[in-house]
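Let's start with one chain on its own, the form predicted on its own, as structure tokens.
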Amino acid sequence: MTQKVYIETVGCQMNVLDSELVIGALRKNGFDLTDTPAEADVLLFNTCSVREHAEEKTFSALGRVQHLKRQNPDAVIGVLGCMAQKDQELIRNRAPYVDMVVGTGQLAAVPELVAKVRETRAPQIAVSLGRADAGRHEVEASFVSYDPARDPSMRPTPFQAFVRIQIGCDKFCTYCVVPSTRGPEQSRPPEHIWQEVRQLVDQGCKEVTLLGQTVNSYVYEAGDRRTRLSDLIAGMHDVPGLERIKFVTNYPKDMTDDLLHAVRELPKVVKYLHVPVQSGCDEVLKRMKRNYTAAYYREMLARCRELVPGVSVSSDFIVGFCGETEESFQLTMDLVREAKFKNSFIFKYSERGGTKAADRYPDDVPDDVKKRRNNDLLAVQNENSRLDHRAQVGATVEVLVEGPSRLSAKTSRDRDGAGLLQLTGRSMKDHIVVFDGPMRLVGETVRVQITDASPFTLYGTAEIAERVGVEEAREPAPVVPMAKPSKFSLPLV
């Protein structure tokens, strides 16, 4: 009988991609995917360690499936990813029924480890070397970047895909576990990436998002040839059928002019940059080991907007970091008011064991203060987002249609009686756009005239919808509630 695998993923886009690759490898070994844990022969949990909440979410999920192990002793339960790399002993102590603990650099071995569990009935632990365990080359070699058969069913949509261009990180921000959970920074060979992009386009992908912990740090050297991110993008830009290229997340000090020129000059590159700043206070940035000042970030931001006119920029912030005073926080508020980010991901500081911040600095900001600062900063950002969106009313934007919106419902009918749905997609500046249209538009790029806006959503009328007589019968778009800040984003850098 065909074996079935169930997988839960928390965390960043890199984790989403890892899960796709794991499922692709298991499919090659005869497994089918199920969304019902009780049906699964193998249950996998791909984890995140950036925040404590993510780790507790995993332990809660493991607790919910413990009874399945009692009902089916042959079921295999595995914990994958960053938590597995960092806390393998803790996982085994808190959840002794877990059969496999597989770190970020060992995911290619998942099919083999499943077979070993079944053969030996003994727990299997596969993790990469820690940075203190060996020299850099040995540690790098233990973090394997692999690309088995991709699984389109695991992608955001059938026409959008993530592509890893880099693994690991060498920035060593004091709050961050990524350098230990994903190892040293390594950039993949450009030829491998270009080939992967061509294969994805052959499978129907129209948009690729290039992923790296600090994606604009990408550089690959072979002999006398040096390939930067701008070169990498240029090398895939003219692939027939590829319509959009995105990349996340960027490190402020690696935002070079050649990359900004590529964003400006290459039509397929989305005019959007995600560049985390984390704080507007130099003393906090120093304790975070971000290696730049607030003034440097402001200059970098001005250069982005000068070289790429109209570019949209988003950021990340940590509030309540060790030693953050009210004066420090007000400097962050000032930066957000001034910077006018498209949106920001705002998080309360969560102390992570094994980081330099946990070793050096007390977590001395009370949780109620963290919550208040989070809400205060979010209020300023929401107003910036509202003004940014309102300024686009009347403009026409190109939208890659991703599918029905979360609140989709039939709002009107066209002349042929076919139901129209509330569809959603993103513009070339990464704004969420909602409009009425038929399902046949999903996966297509359409022009949408913006007629209304909320802080997080643009509403409009698609030109193709006008031609089928929708505008006469169109009901007002339902109001979308203001989005809450995401619990997870790309690993903070």
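Note that residue numbering begins at 1 and tracks the sequence as displayed. Quick caveat, the model's predicted, so the values are computed rather than measured.
From this point on, the text means the form predicted in complex with a small molecule, which you will not see here.
- The partner is absent here, but in the predicted complex a heavy atom of Cys176, alone among Cys176, Val401, Leu229, Leu113, sits within 4.5 Å of the small molecule.
- Proximity to the small molecule in the predicted complex, taken as a non-hydrogen atom within 4.5 angstroms, holds for one residue of Gln422, Ser385, Ser314, Gln213, which is Gln213.
- Looking at the small molecule in the predicted complex, residues Arg51, Pro276 and Phe347 each place a heavy atom within 4.5 Å of it.
- Of the heavy atoms in Gln381, none are within 4.5 Å of the small molecule in the predicted complex.
- A residue is said to contact a partner when one of its heavy atoms sits within 4.5 Å of a partner heavy atom; Arg290 meets this definition for the small molecule in the predicted complex.
- For the chain shown alone, Ile318 is a contact residue for the small molecule in the predicted complex, at least one non-hydrogen atom being within 4.5 angstroms.
- When the small molecule is considered in the predicted complex, Arg150 lies well away from it, no heavy atom lying within 4.5 Å.
- Looking at 91 to 99, 349 to 357, 373 to 381, 68 to 76, the stretch with residues near the small molecule in the predicted complex, meaning non-hydrogen atoms within 4.5 angstroms, turns out to be 349 to 357.
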